[in-house]
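Presented as structure tokens, the chain that follows is alone, the form predicted alone.
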């Protein structure tokens, strides 16, 4: 298969001014933050170029792009909701999560998360002054439903008011099953815990797996999903997000302040609507290339660096690798000394210092350079 999404040469990528390419010195190869080494779908480029040529750089008006998400979700996942009554716009997924918590639960309430988990969950919950209650994933990277019930009941400490679910999970790439999500909904309902599901990685699922939106599961009438096209279509620099509430939470969601719901970037709205409406073929090719990259990383590590454990995941463009058996005290620093920037495991859990997250959203040629440096650092 010829790569058609990840086709940008390294020299051209180094001209970018985004965080991935400027945070570390120019000689460091970045494979850390969640930006992909590709261009967005052509229709996105056309829509943004047209807006710029018209000087159409003003304020956004209304939540009309939530209707685009409704159409997209029904087409891709057979999930239907009423955008007019159940959805509002938000400035971004993470800012939207904090604003939603502020709107639905008391200040300082406990919020459950499942480490190892997206590093921004920690920083944004601290910013919002919420108590972080950790309920670790199982060693296989799945939700530990038995201990989650105890955590929701307050048996291990404070009783939480909310649960921040990562669906699919970052960094493991776990695709939660319908049965798992239904069990989460049941225990959340039993203990009166608000579930907020971050589904930003939802479109990035291999063809052999099925993404299940949380609100498409029985018993989720009190839950909330927050999502965006920014991860799947490589648009983090044009933020916008949508919150969708279950039918029992919808009326309250609609009372969120216009200072929040009118905050999405206009260019973010234009770009994400274009991606959702016209990016299906692009996304199909992207997911094929990501699966190729997962298998390539697994094969090379098994052959050249067997002390690093990696099981190809079914979602995201991120690989969670266990470097414990290498004996290297600080795998992140060892790789950085070889000119490679990964994301350290401790960013996702204080109990994962021997892990690292590798960004696979790049060409096979660049991925081989990444693996070469990992072998040199950890072999």
Ligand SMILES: Cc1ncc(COP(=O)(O)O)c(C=O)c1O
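Residue numbers count along the first chain shown, from 1. As the structure is a computational prediction, the values presented were derived from the model and not from experiment.
A second form of this protein, the form predicted in complex with the named molecule, is not displayed here; the remarks below concern that form.
200 is the sole member of 200, 184, 245, 271 with a non-hydrogen atom lying within 4.5 angstroms of the named molecule in the predicted complex. Think of it this way: in the predicted complex, the named molecule has a heavy atom of just one of 249, 290, 101, 166 within 4.5 Å, and the residue is 166.
Proximity of 45, 234 and 266 to the named molecule in the predicted complex is absent: no residue of the three has a non-hydrogen atom within 4.5 angstroms.
Stretch-level contact analysis of 117-125, 152-160, 278-286, 68-76 against the named molecule in the predicted complex, using heavy atoms and a 4.5 Å limit, identifies 117-125. Using a 4.5 Å cutoff between non-hydrogen atoms, residue 170 counts as a contact of the named molecule in the predicted complex. In the predicted complex, the named molecule sits beyond 4.5 Å of every heavy atom of residue 175. The named molecule in the predicted complex comes within 4.5 Å of a heavy atom belonging to residue 94. In the predicted complex, no heavy atom of residue 347 sits within 4.5 Å of the named molecule.
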